[in-house]
Each structure stands twice: as C-alpha cells, then as structure tokens.
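The data below hold one chain only, encoded as structure tokens and taken in the form predicted on its own.
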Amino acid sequence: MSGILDGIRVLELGGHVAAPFCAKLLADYGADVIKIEPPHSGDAARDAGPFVGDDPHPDKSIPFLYRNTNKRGITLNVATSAGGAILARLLESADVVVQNFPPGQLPAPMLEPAGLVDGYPGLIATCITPFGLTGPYRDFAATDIVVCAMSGLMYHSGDSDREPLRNALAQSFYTAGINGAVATTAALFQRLATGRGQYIDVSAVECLASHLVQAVPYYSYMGAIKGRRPVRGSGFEELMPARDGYVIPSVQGSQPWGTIADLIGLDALHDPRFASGSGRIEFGEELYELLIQGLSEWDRKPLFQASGERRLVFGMAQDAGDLYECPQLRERDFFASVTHPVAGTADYPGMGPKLSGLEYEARRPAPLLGQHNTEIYCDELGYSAQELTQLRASGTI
C-alpha cells in the first residue's frame, strides 16, 4: 500500500535519539526522509553500543540501526560555504526539516528555525531540544536523566520510602521524538489549508511534564505535592518474584479474595484476616511473606494465563526474550524483518498503531554512511561525477 506521507520530503539533521526517531516515524508513514550526517564521523549514535556481534563498527550499532530504518542517507558538512549552498538546494524541495542540535550549537545559521520558515515559507521546521527555544533554561544541555528529573516525572516514580526512579533507555528523548512527529503531521495538515509552514518548538522536558495528569492539577487546586506510590506492605500492585522472574499480583478484577487465594494455592491465604482491604494492609507483612511463598511455586506465564481465566488482573514483567516470543505481538505482526548489508538480518519492532489503510513495511535498512550520495547529489540535484569527487576531496561531503 502507499504510505500516508508519500510525496513528503524530510531532511533530518542532528543525531542521537530525538530527531532520528521523529524522522523515523515520519518515514514509517511513507515520507522520503534524507538523513544528513557529517562526513567521516556520521551520527554520533553510530558509536553507541551494543553492537551486532560485539563489533564496534559504525554500521553495527543496534540503536542506530533501529532508529534509522526507512531512510536514505547522505554526508554533508553544512558549516562550509559549499555545504551551505547544497543544503539550500535540498531545502528547495523539502517539506520538513527535523533537527535536535544542542542549544547554541547550530552548525549553520540558516538552520535557525524561524529563519528557515522565513526563507522557505512552505517549510515545516521541527526543532527538538531539552528545554525549548525560549525561557531561561533554553541554552542548557541535558542528558536523559536530567530531563526525567527536571520534568517532575522522576519525583513521582517509585516507592515513597525510596529515592525517585528514572525510566531506562532514554525514554525522554523517544517521547520528544514522538511528540515532534505528531506536531509535524499536524502542521502538514494545516499547510493544506493555509499553504504556509511553521516552526515547531519541542521541549523534551515539557513532553514528559505533560504526562503528569494528576500531579500538576493536585498542586494547582490543592497546593498539595503528590508523592510516590505508597508502601502498602500487602504485596499487591507491586513486582514480586515468581519462580522464573517477576509478576504483579493484583486485587483488581471481578472475583472475590477467595479466588485469588485459590489461584496462588496456599491454604494460609484463606485466613479471614486477609479477606478485606483493611485487613490486608493491617497484616501486610505476614501476607507479603505468604505471597512470596506461594508465588515461588509459579512460573510467570502459567500464572498470567491462569489469572486471566479467573478474570483476575495479574501481570508479568516480560524481558526482551519474552517480548520477542510474545504470542500477542506475533499474532499482530508487530515485528518486521530487516536485512542490512553489514549487520545482517534481524527482527525490529514495528509500528504501535495499526491503520486499516496502511500496512507497515520496512522498506529500507538504516543507511550506510553516505550510501545515497550519488543517488541524491547526481541523480536528483544534477551534480556530475567529477563534481562529486571534488566535493568529497574538499571535505564537503
């Protein structure tokens, strides 16, 4: 099927997570994404492990491979006069520019978002930074843990008797990339009516802070600071060890306490003291030890299946292997096989939403560094092979 964004051209500059993931989502919906990397070094994410076969090769970085599927790739030093001139030509045919350069470190003045829109009135310029383009923190750099902390999300993660927790795997910048992609498609839709583009200012901190749907209203209405999860001591709604990993026993569902006790299979759990919520809190320490004992006889998947059959809301903590073999994900064709000329073939996560008019396809693996230079510079921009050689010799591409 045709991609929903067929005919939309996106230039991606920057690197690491936020801009590449934003552009990847647009590419997944059919946009022609051209990834522009610095000559020789490329996106810094090429140096980020883990690597396929534990080989630190620039085309074997697993995070890079995932974030850059369905794109074409060129090399260009936009800081040089020649590179700036080439970028200007690329911008003439572009609908969107996505970049996440650190604050105050744009490699070329022409990439300033407001200036891009002034120079190319139909262009949508999406800029992703930790704190946004305005405000007293606009020039501050930030890592993922700093964004999680400054957003307020970290304060509300974890147990109230422990320090705040950080989500793993740079989720703040993936969230910023998702928000950037959504805002970009909205701006493309508006352009249909107005004929004009705009610049989009994406703050990673604000993207996470917008998830605090309870904490901020609590403070605004009541002046109260919502804390982390209370320690109930009853062992429910928290991770607990089973025989082969961790599960989440729950009192939610349509069945009485006796059904939970029957499921776990320990006679002592039928003690009337545990039959009410207040009793499970009052005698929480004893109940916790009994749950540890009972759950130690269960493996995660059989417990998950048995709880569902009893209309109980239990869960299990799936690791990467569980996800890969998950029958739910497999049945829904969540994974896509991608063959890369250097890294080989592997299954990648597909799209989260499913559209009836779009079948997800991994059309391209992540590009090799400068893989599409000839295709784009010669075939599309009209440079000769000799000119391409000169540009390469001068360090422009």
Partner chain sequence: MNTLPLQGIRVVDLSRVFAMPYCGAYLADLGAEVIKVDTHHNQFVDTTRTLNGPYPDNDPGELYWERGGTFNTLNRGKLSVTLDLRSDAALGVLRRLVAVSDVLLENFTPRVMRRFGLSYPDLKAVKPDLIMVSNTGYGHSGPWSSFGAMATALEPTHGTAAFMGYLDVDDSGRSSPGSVPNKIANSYTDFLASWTAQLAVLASLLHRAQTGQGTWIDLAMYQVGVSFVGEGLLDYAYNGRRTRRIGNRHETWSPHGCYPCAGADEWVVIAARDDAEWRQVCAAMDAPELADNPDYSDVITRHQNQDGLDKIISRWTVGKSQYEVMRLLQQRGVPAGPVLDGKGLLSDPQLRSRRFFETVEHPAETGLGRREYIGRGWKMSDNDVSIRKPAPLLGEDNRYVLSDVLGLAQSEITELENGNAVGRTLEGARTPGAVPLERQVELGWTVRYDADYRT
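Whichever C-alpha set is largest while still superposing within 1.5 Å between the two forms counts as the rigid core. Numbering follows the first chain given and starts at 1. Just so you know, these numbers come straight off a predicted model, no measurement behind them.
Just so you know, the form predicted in complex with the partner chain exists too; it's not on screen, but the next bit is about it.
Item to complete: For the three residues S41, S81 and L116, verify that every one has a non-hydrogen atom within 4.5 Å of the partner chain in the predicted complex; reply yes or no.
Response: Zero of three within 4.5 Å in the predicted complex.
Practice prompt. Could you spot which one of Y120, W298, Y155, F274 gets a heavy atom to within 4.5 Å of the partner chain in the predicted complex?
Written response: Flagged contact: Y155.
Worksheet item: I292, M110, L266, A186: which sits within 4.5 Å of the partner chain in the predicted complex by any heavy atom?
Response: By the 4.5 Å heavy-atom cutoff, the listed residue in contact is A186.
Practice prompt. Could you tell me which stretch in 81-89, 284-292, 127-135, 257-265 has residues with non-hydrogen atoms within 4.5 Å of the partner chain in the predicted complex?
Written response: It is the stretch 127-135.
Worksheet item: Is N179 close enough to the partner chain in the predicted complex to count, meaning some heavy atom within 4.5 Å?
Response: The answer is yes: N179 has a heavy atom within 4.5 Å of the partner chain.
Worksheet item: Looking at the partner-bound form in the predicted complex, is G197 within 4.5 Å of the partner chain by any heavy atom?
Response: Contact with the partner chain, yes.
Discussion item. Check G344 for me: does it contact the partner chain in the predicted complex (non-hydrogen atoms, 4.5 angstroms)?
Written reply: Flag for G344 set to yes.
Discussion item. In the predicted complex, is there a heavy atom of the partner chain that lies within 4.5 Å of any heavy atom of L76, even though the partner is absent here?
Written reply: Result no; L76 lies far from the partner chain in the predicted complex.
Practice prompt. Heavy atoms within 4.5 Å of the partner chain in the predicted complex is the criterion; list the residues of 17-48 that meet it.
Written response: Those in contact are F21, L25, Y29.
Worksheet item: Cα of D322 displaced 2 Å or more between this form and the one not shown, core superposed?
Response: Result for D322: no, shift under 2 Å.
Discussion item. With both forms fitted on the core, check whether the Cα of S172 differs by 2 Å or more between this form and the one not shown.
Written reply: The answer is no; the displacement is under 2 Å.
Worksheet item: Core-aligned, does G308 move its Cα 2 Å or more between this form and the one not shown?
Response: Passes the 2 Å threshold, so yes.
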